[in-house]
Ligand code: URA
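So this first bit is one chain, no partners, the form predicted on its own, shown in structure tokens.
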């Protein structure tokens, strides 16, 4: 995976994203859609994983068949909204190791404040996929990647549901070596730092909080 930004334009991804944008979509449906769309996005962000072969026996013969190579990959959820993407990805990659980075955005400065970080061991030899539904200002995402790199990770990808141009630019400036996979790049950020047209606060909509 070389491109800094990949927008997944698959029809199912775009259709489910539209349903999630609709403010009339209830919490339970929003949560289910997020799980479904994250599985589809996981398919794209894991493209190009290292492969090797192993000998197996089919009902007819033996063959050298392709399997994933290297250590189990690591999924790192940027709390709390990242957990919505995490569930769907684990449906597809159940053996993945899981880590969490807790950041919240100071509503006055829009700067990230860290309150938790727990990452898998041997992270330097794993592909790490950091997940957060919204790439808005990019400050929290860039700070989370800083922490993951400080822990030793060298091969990192970032998966989000929606991105703002400002967030994409911020991530490219801070971490040009980290490819971004998203379902859409929206128009802009508003004065409160929310993505427009967006879908509101992903965490609030997923968990039914305000």
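Numbering follows the first chain given and starts at 1. What you see is a predicted model; the values in this text were computed from it and never measured.
The same protein has a further form, the form predicted together with ligand URA, not shown here; the description that follows concerns it.
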Hey, in the model of the complex, is residue 202 touching ligand URA, heavy atoms inside 4.5 Å?
-> yes
Is there any non-hydrogen atom of residue 136 lying within 4.5 Å of ligand URA in the model of the complex?
-> yes
Interface residues of 176-198 toward ligand URA, as seen in the model of the complex [heavy atoms, 4.5 Å] | 193, 194, 195
